[in-house]
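Below, in structure tokens: the form predicted alone, a single chain.
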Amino acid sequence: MKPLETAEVLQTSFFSQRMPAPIRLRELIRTIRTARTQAEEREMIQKECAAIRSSFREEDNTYRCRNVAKLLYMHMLGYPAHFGQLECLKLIASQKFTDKRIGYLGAMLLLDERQDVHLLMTNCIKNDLNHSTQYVQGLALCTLGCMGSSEMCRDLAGEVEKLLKTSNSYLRKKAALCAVHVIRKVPELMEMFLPATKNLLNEKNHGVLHTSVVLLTEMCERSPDMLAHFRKLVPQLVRILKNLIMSGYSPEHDVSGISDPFLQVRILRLLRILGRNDDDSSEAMNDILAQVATNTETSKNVGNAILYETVLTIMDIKSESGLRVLAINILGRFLLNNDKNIRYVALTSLLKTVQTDHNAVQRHRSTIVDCLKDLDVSIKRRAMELSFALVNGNNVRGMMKELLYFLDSCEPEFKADCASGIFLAAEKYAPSKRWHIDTIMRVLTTAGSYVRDDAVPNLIQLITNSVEMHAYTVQRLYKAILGDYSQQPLVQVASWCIGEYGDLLVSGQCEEEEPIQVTEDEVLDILESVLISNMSASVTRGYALTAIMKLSTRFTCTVNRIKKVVSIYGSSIDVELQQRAVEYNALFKKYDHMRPALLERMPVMEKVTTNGPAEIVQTNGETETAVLETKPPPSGVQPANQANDLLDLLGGSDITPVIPTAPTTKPAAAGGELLDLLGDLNLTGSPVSAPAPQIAQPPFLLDGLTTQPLFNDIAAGIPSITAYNKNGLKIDFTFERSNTNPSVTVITIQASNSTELDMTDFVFQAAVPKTFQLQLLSPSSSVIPAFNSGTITQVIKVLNPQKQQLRMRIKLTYNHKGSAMQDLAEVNNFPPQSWQ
């Protein structure tokens, strides 16, 4: 025996005498599984970790592989195993394949590019990539493709490229996947793999084909030049896919009767990328897509996966119209599948395509409506969204009937979205005003507590403009709130209508249905019940008190009773209600001669339109009135600390506040800083000097409605601009010029959302230089619907007395996909017509 071998034997004998052999991995797993409690398991792990540490300190080469394997198992259970990182490197440097295998596995699990230790293995990987054994080379490729940093990828890309050209299929498929990782880490190395990648598609081995398609997909997604270069490979990809479809049974690749579905899906995804926005490539793949769509078996989930990828490819390329109809019919068949996941996927896909292929999706309307009855809430939500997207002037009655039935029976979390959708659809496609009013009243009766804040003023405007329906509407609303005040928006609209048209209710002039006999005292009883009801909110009581006051000019026999009710609420603890009562009491005592004129019936409210053709309607169907009757507007004042936070972001110390309702007077000092304007805060401490233009308002909290047009028709030609377009959020500005003051520019913002999820808690804030004054009115909503199915509108009024070029800085905050989003942007491209 040689002296060196003798020394190794003696050393092994010495270690075996000094410490016993560690238990095997299988025995450790069996022992840990016998633990009855978490504490008992933790104790076992700690004991074994202590033994492993001792073995590592003793430099025990005999059992290092076994100890690292046990350490990896503990790591998989969630226990710390970082102390085994260097031992993994020692195993990698070993000449034994079993040691290398565990060492590389440990490196992939315990190391990553954030730790400098991983750089120590670069030379070992380089040596193993040039090893004579393919399995050792495979281990090195897997490790580099799993956790290689950008430095390692730059150093070893040449070796990977060499293996990509080898004739060994086992190494080529692993090298292709490793090349994908290299490209992700160092995109500029992409051209190095270009020559080898072209030849990969000629390989017969399915594993190499699969990985080559993955590599091609990665290169096309990351480089437009590569995308254009590889478009000439479309015929070859089509030929490979056709061979897969037409080939006979192959036990090596067959999955549920389909030949290599994984490769088919990958090729379809690559064709989708290559055919997007390219007529020639799309034309070359139309026939094969039709063959896949018609020949694929749908009884198994494997076939459904291929069909789904085929549908996505057809919809994403410039395919023929007949092929798109075929794709939508496949999705329609998916809706009849018993698998909930397939139904959900079909609904989501149809929702994405309904805007471009509306008529084809309409054919499956009945199946989509049936999905509203599904027990799965995610399917139910997608079906609801798709149902609203399918509503048009031809089917509005039938679809609204189904959606109202759904509103009656759906869970509370659906009611708000469903009610909003019905409002928008009814406003856009209502066949008659009576149907429109009946539909909205049905929603308020069913889910009044869940409707958006703008539902009440919108319905009031609708009722006001439907002159012939006043008697019918007030009678319906009166009957709807008899004894039930739980639906506050319904009670608010009913109170407003009773106050406006109470004389029609008492006279029984309704021609639409059988009139009811109501006395003046019965009407007042209802309104007084609303005032004292515990379910009535402060806003609702304000509606009721104002309605009672209006009835003093509509009724003749109960004026004294009305005076008494008004005087009682002059001492209410509700400040809003008290102020109304005091002012109404002053009307009776000091200005009784003005009372009939002040409380006369509201004129027809004109809808505020934006620039552009008159027939274009806002997508969310919302309307605005010049002044909303009696409903206190939501406060636009932000908390002071929030104002200061935004000021810190924008910089500067001179503050010009955003005016929430009417502009306050501010000094017109010079200064160009773009500052935030939040809250009605005069933070400058400067005395009031030049008065800003005042917007006419009624002297009391009464129904004031200006009859003068708010906007100048001359400004109809001002072009709109896109102020912000990022992360699926788009904000457009349209412009009007005030008719009362040419120095006032009225900007209407429209925020839309093209992503697949709603944006909630949306807040738009704006800042202008000190020489301007800004008034930011309340937004129409705080939720921007997904898929561009609706918009938020908000009005900004800017006073520009010096006719300077308009500049603005905006701040956007909202919640999206569970995360709070915030962004700042500057808008400097205002058209000259908007400020000159």
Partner chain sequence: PCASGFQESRGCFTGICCSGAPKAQGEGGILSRGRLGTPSCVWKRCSRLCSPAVQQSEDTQQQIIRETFHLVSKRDENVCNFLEGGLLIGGSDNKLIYRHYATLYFVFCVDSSESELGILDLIQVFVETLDKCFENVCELDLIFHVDKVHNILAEMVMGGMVLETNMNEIVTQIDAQNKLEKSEAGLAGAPARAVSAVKNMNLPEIPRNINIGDISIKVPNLPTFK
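Residue numbers count along the first chain shown, from 1. These numbers were taken from a predicted model, which means no experiment stands behind them.
Another form exists, predicted in complex with its partner chain; not displayed. Remarks below refer to it.
The stretch that touches its partner chain in the predicted bound form, counting heavy atoms within 4.5 Å, is 72 to 80, out of 549 to 557, 72 to 80, 586 to 594, 448 to 456. At a distance threshold of 4.5 angstroms between non-hydrogen atoms, Cys220 is out of contact with its partner chain in the predicted bound form. For the chain shown alone, Ala820 is not a contact residue for its partner chain in the predicted bound form, no non-hydrogen atom being within 4.5 angstroms. The closest heavy atom approach of Asp376 to its partner chain in the predicted bound form falls within 4.5 Å. Contact between Ala305 and its partner chain in the predicted bound form is found at the 4.5 Å heavy atom cutoff.
Among the residues His364, Arg382, Arg541, Arg580, the one placing a heavy atom within 4.5 Å of its partner chain in the predicted bound form is Arg382. Contact annotation: of the candidates Ile342, Val234, Cys497, Leu331, the single residue with a non-hydrogen atom within 4.5 angstroms of its partner chain in the predicted bound form is Ile342. Taken together, the three residues Thr133, Leu141 and Leu177 all come within 4.5 Å of its partner chain in the predicted bound form, as judged by their closest heavy atom.
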